[in-house]
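A single chain, nothing else alongside it, follows as structure tokens in the form predicted on its own.
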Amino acid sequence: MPKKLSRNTHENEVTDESVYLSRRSLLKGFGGSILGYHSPLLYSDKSSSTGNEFGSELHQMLFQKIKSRLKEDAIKLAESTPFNYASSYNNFYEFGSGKSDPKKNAKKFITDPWEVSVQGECDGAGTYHLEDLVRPHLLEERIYRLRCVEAWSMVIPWVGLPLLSLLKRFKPRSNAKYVKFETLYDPIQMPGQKSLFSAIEYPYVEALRMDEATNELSFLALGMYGKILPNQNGAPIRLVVPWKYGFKSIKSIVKIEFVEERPVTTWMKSNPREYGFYSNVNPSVDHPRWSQATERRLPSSIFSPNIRPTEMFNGYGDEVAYLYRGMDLKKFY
């Protein structure tokens, strides 16, 4: 029997780092890979990924917080394999529409200093330095499936904090029915935002219903694989909502707003027929241009396909199905 990990993820599902972050070939031996690998983001004098010196207060704090994280039992499995895929297979349109564009174009993206503006129906509105938001929290590791609406998937060990633990610090009011998130808008740093051929409008906006946002699975990630979050994966802080398609997990967050009316999110605005507000993983609701009944779990190739059935709510139904009781999930897709 495979060892069961947190949130219905099994040990044999964890996406090999060699498939997730393209940087390094497979290290021989379980122990050797743990002891022999050091991330440039965490150990170099300067972070080429951020354009800032590693000695900054924010990055020093993140390094220490991630190092002292509450670990998953099986995180050693992820740490025992190389960093080799996520930085070359990303959807982050702010840095380009191709899968390899974010890694190429986000190298000098400045993530320190970083501020998050909190607005709307809450008593804790204000502008916060990221280090002040993170400092009170013990970070934890969670291994989650990631299912893209394009029908590929991965399994990723994230490091961060439950979204609920942050939101309650802002004291949302009773009329706050949704939580709206916004990505940084900076066309100078993010070339995709000034492209004449962009499929979406910026800044990127996503939102969750309040009960979704406060569900135990909703997570804010600051790192992955025990290391600081790479720029192309949404540094310095991103949302992870594992029962929804990946585009709901907004990256590089600069604004959190508590609102009473349901927001129009970026992909809804672009094409509401294809991208609904909820965007729960659902094998019985096809995308208009392809089936969602199966998914391609990376790594996968023509000669070595890794195709598997898509699970309702991405396999997290026990934790989230109650949120949608009585709803027509084909209508409210």
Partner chain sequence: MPTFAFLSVCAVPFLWVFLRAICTLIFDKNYFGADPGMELVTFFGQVAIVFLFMTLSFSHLGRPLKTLRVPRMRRILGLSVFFYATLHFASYLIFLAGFEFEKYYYDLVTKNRIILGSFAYFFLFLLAATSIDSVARNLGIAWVYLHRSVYLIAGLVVFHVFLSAKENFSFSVFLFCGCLALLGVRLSKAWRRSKLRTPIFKA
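A quick note: this is a predicted structure, and the numbers were derived from the prediction, not measured. Residue numbers count along the first chain shown, from 1.
Unshown form predicted together with its partner chain; subsequent notes refer to it.
Residue in contact with its partner chain in the predicted bound form (any heavy atom within 4.5 Å), chosen from 93, 258, 158, 181: 93. Checking 58, 268, 298, 66 for any heavy atom within 4.5 Å of its partner chain in the predicted bound form turns up a single hit: 298. Though the partner is left out of this view, residue 146 does not reach within 4.5 Å of its partner chain in the predicted bound form, counting heavy atoms only. When contacts are judged by a 4.5 Å heavy atom cut-off, residue 112 does not count as touching its partner chain in the predicted bound form. Shown alone here, residue 272 lies farther than 4.5 Å from its partner chain in the predicted bound form, counting heavy atoms only. Residue contact check for residue 127: none of its heavy atoms lie within 4.5 Å of its partner chain in the predicted bound form.
Picking from 210 to 218, 119 to 127, 173 to 181, 93 to 101 the stretch near its partner chain in the predicted bound form, with a 4.5 Å limit on heavy atoms, gives 93 to 101.
Residues of 146 to 182 placing a heavy atom within 4.5 Å of its partner chain in the predicted bound form, in sequence order: 149, 150, 152.
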